[in-house]
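Below you'll find only one chain, the form predicted alone, shown as structure tokens.
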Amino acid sequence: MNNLLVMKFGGTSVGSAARMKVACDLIAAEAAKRPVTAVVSAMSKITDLLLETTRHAEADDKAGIDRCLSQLETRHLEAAAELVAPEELRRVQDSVNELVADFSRIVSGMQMLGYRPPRAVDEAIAVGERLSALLISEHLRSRGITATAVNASEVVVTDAVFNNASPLMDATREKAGARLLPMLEAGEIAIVTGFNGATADGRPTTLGRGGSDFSASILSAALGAGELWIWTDVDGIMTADPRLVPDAKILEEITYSEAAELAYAGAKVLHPRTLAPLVERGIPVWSKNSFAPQKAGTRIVPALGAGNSGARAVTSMANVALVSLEPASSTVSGVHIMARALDALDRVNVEILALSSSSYRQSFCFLVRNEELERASEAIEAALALELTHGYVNGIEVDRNVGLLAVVGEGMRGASGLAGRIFTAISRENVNVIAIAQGSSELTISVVVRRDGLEKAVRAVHTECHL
């Protein structure tokens, strides 16, 4: 269905009844022209509230559970009162209460166990998106527009990696087509939950935090959509974070690869995995601002025309840690140690943001997010327990006083002297460079610097690259 438009709305874009009305305005305007499917996030801060509730359950904190359940119910019932007609309100309130009761049931099980099974957490926190989909579909119906809330567990098939699942695209195409295409052909709008799916045998999964973007791209690819519009609270993808660089500009166009690299290195406009399902079909993506829908936003495409040389944008990430490992002597294979460490990180789903190694000493270091540091350290300690115990490998060193800066641009390939200019610009600000990583594609130059110099380095590089 190449005239299909998939629209995805982030948490701030559906964060209140007022914002949901705006989202419905945008959906209705496009649905008058062509088939539309919408993918929605939970209301802003609701996923955090749901996770907090599960932590209270694990700790057997009934008062905390009750407080969170009350907040969850109240916020959605108040939104319902603003979104639907009085004669429909009781029915919609009952539906909200049923979903809250489902969540409460799962949480009660965790409380009895004193444990939060990953599978149960996935089922629990998807309730936020289910509540959003319910309210938006009901508001559209109150306006005379045929719309139905669809739980993505009915249409997105994933592997069984709970909390960070990946789609099985062939199975998803079959299931999504069977469920959604008849609705679209009948002129109905499907309001699909973002962030979640299910295994082939029906076990609930989630796609990782921020996975609603990913959900939208999965459905776009599965349904053969013509376009994907991602609605956020910013005007598009910028040359830098405007909070750090006041003269940062909106990029009119950017490639899939550039957008993915920026997202991976800290830009918060897209989920890092969002674009992967779209590559094969070359489906264009727009990043737009639901708070200023009249603005054009940024178009994300497979490739740009000639004339796009040099860097396109610079991004940064502050909440990171640098982990270093070094064999105790040159007789120990550093390659073997690195391979086992990386395998351990892969098994616990830790993403490596940058990797750098030396030659003779065979030491290496890698950068991870702070929230994944404990899991990463435990995995490496377990994998290298024998070597660490007998002193074949020096102790694991962790440096939290660092930040990541990444310069991205497909036009950097073969650009003579660009790396030197970047490092010179950083050094002029008296910022110490700790580690450097650049892939053979020359798409990204990643630089690890001291945390207190990160913002200065970003501004300096942005100026040096004439962004």
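As the structure is a computational prediction, the values presented were derived from the model and not from experiment. When you see a residue number, it is the position in the sequence shown, counting from 1.
Another form exists, predicted in complex with a small molecule; not displayed. Remarks below refer to it.
- Out of the listed residues 222, 365, 238, 198, 238 is the one that sits within 4.5 Å of the small molecule in the model of the complex by at least one heavy atom.
- Contact annotation: of the candidates 150, 269, 376, 325, the single residue with a non-hydrogen atom within 4.5 angstroms of the small molecule in the model of the complex is 269.
- Heavy atoms within 4.5 Å of the small molecule in the model of the complex map, among the stretches 350-358, 105-113, 239-247, 86-94, onto 239-247 alone.
- Residue contact with the small molecule in the model of the complex: residue 16 places no heavy atom within 4.5 Å of it.
- Under a 4.5 angstroms non-hydrogen atom cutoff, the small molecule in the model of the complex has residue 232 among its neighbouring residues.
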